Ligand SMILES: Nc1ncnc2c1ncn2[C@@H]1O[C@H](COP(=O)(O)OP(=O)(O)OP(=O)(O)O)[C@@H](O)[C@H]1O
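Starting off, we have a lone chain in the form predicted alone, written out as structure tokens.
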């Protein structure tokens, strides 16, 4: 059961002036929930996603995923956690322009050491389900924003992670593409029984999720 429990988490960025990005944050997100983290720029949304995803370490506090406190993981164990348990979707798509669509989606599977036959079957299945298989030999820069974000969803789902973290996934899309991509993202999360956490200030997204967690200056 991939329940996420966040206990008394602080994240403080050092510098000439310290910035408190998260302050005594507490939350529980159950397996299979579709949750939005809402708030203005600078409220701590992206920092919270990065802490849950094992990209950033909190300054203090606990993040317990499936009974394991990931804040105590070694660097190598965090790498495995990100690879096997977390799928990431970004506002700017984060695709490799020198790779074809097929190669972008195959990359996480190659890193995980999967066999070629499995990779081909998995990538083709994902591209088919997201209605972008016809672009498998195309490069990202030749696709529309909405199509690139579909590829990003395929990349995030490639290793069958239980947690999908989406950071402003519709921020660079027009209204029609926003609707299509969001509906597709939620549909796939529900179909594959994933926990989906979306950081956003998009009111359209807030209407579609199970629950909204509001953040302001790192606090609930």
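Just so we're clear, the structure is a prediction, and the values are computed from it rather than from any experiment. Residue numbers count along the first chain shown, from 1.
Same protein, other form: the form predicted together with this ligand, not shown, and the subject of what follows.
For the candidate spot formed by 21, 43 and 47, every residue has a non-hydrogen atom within 4.5 angstroms of this ligand in the predicted bound form. In the predicted bound form, this ligand sits within 4.5 Å of a heavy atom belonging to residue 13. Taking non-hydrogen atoms only, residue 201 approaches this ligand to within 4.5 angstroms in the predicted bound form. Judged by heavy atoms within 4.5 Å of this ligand in the predicted bound form, the contact stretch among the candidates 153 to 161, 33 to 41, 190 to 198, 176 to 184 is 33 to 41. Residues of 98 to 125 that come within 4.5 Å of this ligand in the predicted bound form, judged by any heavy atom, do not exist; none qualify.
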